[in-house]
Ligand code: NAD
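To begin, one chain is listed below as structure tokens, in the form predicted alone.
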Amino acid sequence: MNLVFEHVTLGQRVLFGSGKAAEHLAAEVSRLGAQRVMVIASEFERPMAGQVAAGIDPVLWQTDVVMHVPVETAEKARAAAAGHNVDLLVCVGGGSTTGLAKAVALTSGIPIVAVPTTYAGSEATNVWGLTEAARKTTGVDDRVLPATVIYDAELTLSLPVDLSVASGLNGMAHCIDSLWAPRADPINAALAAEGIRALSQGLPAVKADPAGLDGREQALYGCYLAAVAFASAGSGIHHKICHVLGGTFNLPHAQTHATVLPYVLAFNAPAAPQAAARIAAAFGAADALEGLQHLRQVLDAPRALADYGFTAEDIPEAVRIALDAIPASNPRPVTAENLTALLTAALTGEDPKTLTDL
């Protein structure tokens, strides 16, 4: 069979170096010729963002950051940027902070320099998300792709181990979902496999030595690869389910991804043997699910949606909304019945192997 595919590589500058964030940011602001910079950072991240921005002179600080980017929060930030004639957005923080910068860029076209402090990966994609009336809407637009990403593992040292684990497994979900997403191709698969390898080595090192930089650098590198693969391949079943859980039920983003991932892998792996073999090899395991579950055990990963406020009564609505969004190209046909079984298992944290025999 001939190898036939179409692949788009997104253009983005990446600056990677521990302890170099402030230096790299000042150089980028100068290179881009920006005069009126708006820095977006949550109140919690504000002190760290102040250190990162020490070499520039922002005209505005925007600290009203909310998970899943409610439309109201986005409109406030858009108005503030317009009112101050902002010509560059700098976001310092996790996925919610990056998401707010993207919401501003979506309607204004103002370029973004992203400085991630978690392993979310949003900084490397042209995907945006907004929540309105308990519905999370996502889209793709090149205006929201940050022009530059500045990675500095020192900025992740303050991220507690449990959040590092959840955030890193969110990156792992980008890798795994990329292998069966609508635009999956061999280039995405290669990036995703290397991302799985880097994360499976980096995250245990973060847990073993939270103050060490080696594991955190590997985790950042792995999550960047994951995000690049995801940006090209698109959202698969895993992300469609998690967007519903986050947007409709306000479950925490990273923990939700970390919890749902083994159930999606168990559900799809029998119908996607090539993807499953690639995942297993990246873990250095004989079986994809066993490799993931061994890593999750080492990391003491999140295990049940019930721990984050999801209930059995919520499942029918989640199934109804998610069914319309899950790509028809998913390797295994998705029905209300088997999606209910998947969410029921994830609710209580039961063994995901039960889903392989559905």
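Each residue number is its position in the shown sequence, starting from 1. These figures come from a predicted structure and were not determined experimentally.
Although it is not shown, the form predicted together with nicotinamide-adenine-dinucleotide (NAD) is what the next lines describe.
Student: If contact means any heavy atom within 4.5 Å, which of 181 to 189, 278 to 286, 154 to 162, 194 to 202 contacts nicotinamide-adenine-dinucleotide (NAD) in the model of the complex?
Tutor: Contact criterion met by 154 to 162 only.
Student: Though nicotinamide-adenine-dinucleotide (NAD) is not shown, can you say which of A120, V90, A219, A81 has a heavy atom within 4.5 Å of it in the model of the complex?
Tutor: Of A120, V90, A219, A81, the residue with a heavy atom within 4.5 Å of nicotinamide-adenine-dinucleotide (NAD) in the model of the complex is A120.
Student: With nicotinamide-adenine-dinucleotide (NAD) left out of view, which of M67, I321, V37, A301 would have a heavy atom within 4.5 Å of it in the model of the complex?
Tutor: None of the others qualify; the residue that does is M67.
Student: I'd like to know whether G236 contacts nicotinamide-adenine-dinucleotide (NAD) in the model of the complex, with contact meaning heavy atoms within 4.5 angstroms.
Tutor: No.
Student: So in the model of the complex, does any heavy atom of P146 sit within 4.5 Å of nicotinamide-adenine-dinucleotide (NAD)?
Tutor: Residue-level check for P146: no, no contact with nicotinamide-adenine-dinucleotide (NAD).
Student: Should A74 be classed as touching nicotinamide-adenine-dinucleotide (NAD) in the model of the complex when contacts are defined as heavy atoms within 4.5 Å?
Tutor: Outside the cut-off, so no.
Student: So in the model of the complex, does any heavy atom of S96 sit within 4.5 Å of nicotinamide-adenine-dinucleotide (NAD)?
Tutor: Because a heavy atom of S96 falls inside 4.5 Å of nicotinamide-adenine-dinucleotide (NAD) in the model of the complex, the answer is yes.
Student: Residue by residue through 131 to 152, which ones have a non-hydrogen atom no more than 4.5 angstroms from nicotinamide-adenine-dinucleotide (NAD) in the model of the complex?
Tutor: If the 4.5 Å heavy-atom criterion is applied to nicotinamide-adenine-dinucleotide (NAD) in the model of the complex, 131 to 152 yields only K136.
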